[in-house]
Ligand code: LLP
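Only one chain comes next, encoded as structure tokens, the form predicted alone.
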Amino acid sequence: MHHFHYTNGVLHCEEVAIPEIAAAVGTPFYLYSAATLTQHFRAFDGAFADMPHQTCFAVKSCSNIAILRLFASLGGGADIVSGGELYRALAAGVDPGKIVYSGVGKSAEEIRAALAAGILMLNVESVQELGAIQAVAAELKVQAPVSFRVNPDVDPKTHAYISTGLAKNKFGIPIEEAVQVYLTAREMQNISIIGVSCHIGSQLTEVSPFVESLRKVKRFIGRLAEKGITISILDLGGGLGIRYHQETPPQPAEYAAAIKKEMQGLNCTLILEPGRVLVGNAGILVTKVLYIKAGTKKFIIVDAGMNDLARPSLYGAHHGMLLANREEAATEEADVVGPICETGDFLAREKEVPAARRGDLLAVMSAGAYGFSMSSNYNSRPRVAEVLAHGAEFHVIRARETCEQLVQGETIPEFLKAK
């Protein structure tokens, strides 16, 4: 369910006509629906309302502080993977006690900032990282609340690049080795063990991998109990998928029912880290058709490229498309490509897309997750604007970058300056 719809032949986001936004801010731009974001959060979080839990939005999926503030206002926390994401979450007003910090490569400076902020816990992913946390916590004279990310070696049945729970993936500690790591941590003066963490991948469209990993983690928590280690928090990560094309992912209620059934007998607060399922279908990328090139193959050339939306080039991902300035039922097979000097610069390749004309506005759907957050300045292209629709109003929540900002921080050394 989302709030993008046609009214009088023009695509709207909530009550705002998308061509009106394009005229005001230019193209390309990302557009999010506040109503859809709110609805998705409430549907997901509400599915777990009858048990102790905390929903921590995966900041990496869509990191604009306005969206983080919206989720925080609904009671949400944040799942972060960098010092920059910590800064964003705090700037957005997220309660530090609802922030969990994952990731395999936390620096000492990032660990220090997290402990100083008083976050809920650090998800530890290696023995050496544990040592680094102990050293920083001792320096600050605090107890570091930690969970260990265990790798259950479960196939999430998703794209290889977004699989994180197999033995061959870089994430977490192998579950068969993790008990000893917990025993090591128990002996450290500045480490407070509070949880177990697990995350097996992204864009999962079946419940069974979640259940399988939870069963393994549940048995693991039992083994810890036998060693006298009590776990109060179980972080199950995120990964629930959305419909991009023909996928049939479970609804939050179905997912929650399976998790709650498997959680019986565990006296733990559940941490959930949804990202894509909250924002994916709540955002679109709006781009303008610059040219049509027809021949043995048809190309629709638009002003957004792989630097703006990397998923099609990176994963071969499918994004549905609609015309925003007019309703068009006719489709044609074409490549939708951008201005980047790479053959891999495409938003759609050999897909059925709307029969577009020069000057049309094309809405690239389901682009709210890993869209802007993965964008770059490749080919020295300023990053696009981000806009949030709220009822009959829209708000620019990130201004389009300027060319001057592209070179901000760069300098020409004296020996290269003209004499």
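The shown structure was predicted, so the numbers you read here are calculated from the model rather than taken from an experiment. Note that residue numbering begins at 1 and tracks the sequence as displayed.
Absent from the display: the form predicted together with this ligand. The rest refers to it.
Just one of 202, 281, 287, 151 comes within 4.5 Å of this ligand in the model of the complex, counting any heavy atom, and that one is 202. This chain lacks the partner; the member of 298, 311, 216, 88 within 4.5 angstroms of this ligand in the model of the complex by a non-hydrogen atom is 311.
Stretch-level contact check against this ligand in the model of the complex with heavy atoms at 4.5 Å: of 216-224, 340-348, 256-264, 270-278, the positive one is 270-278. When contacts are defined as a non-hydrogen atom within 4.5 Å, all of 60, 79 and 240 contact this ligand in the model of the complex.
Proximity of residue 102 to this ligand in the model of the complex falls within the 4.5 Å heavy atom cutoff.
Of the heavy atoms in residue 315, some are within 4.5 Å of this ligand in the model of the complex.
Residue 43 falls outside the set of residues with a heavy atom inside 4.5 Å of this ligand in the model of the complex. In the model of the complex, no heavy atom of residue 355 sits within 4.5 Å of this ligand.
Residues are counted as partner-facing when one of their heavy atoms sits within 4.5 Å of this ligand in the model of the complex; in 367-405 these are 370, 374, in sequence order.
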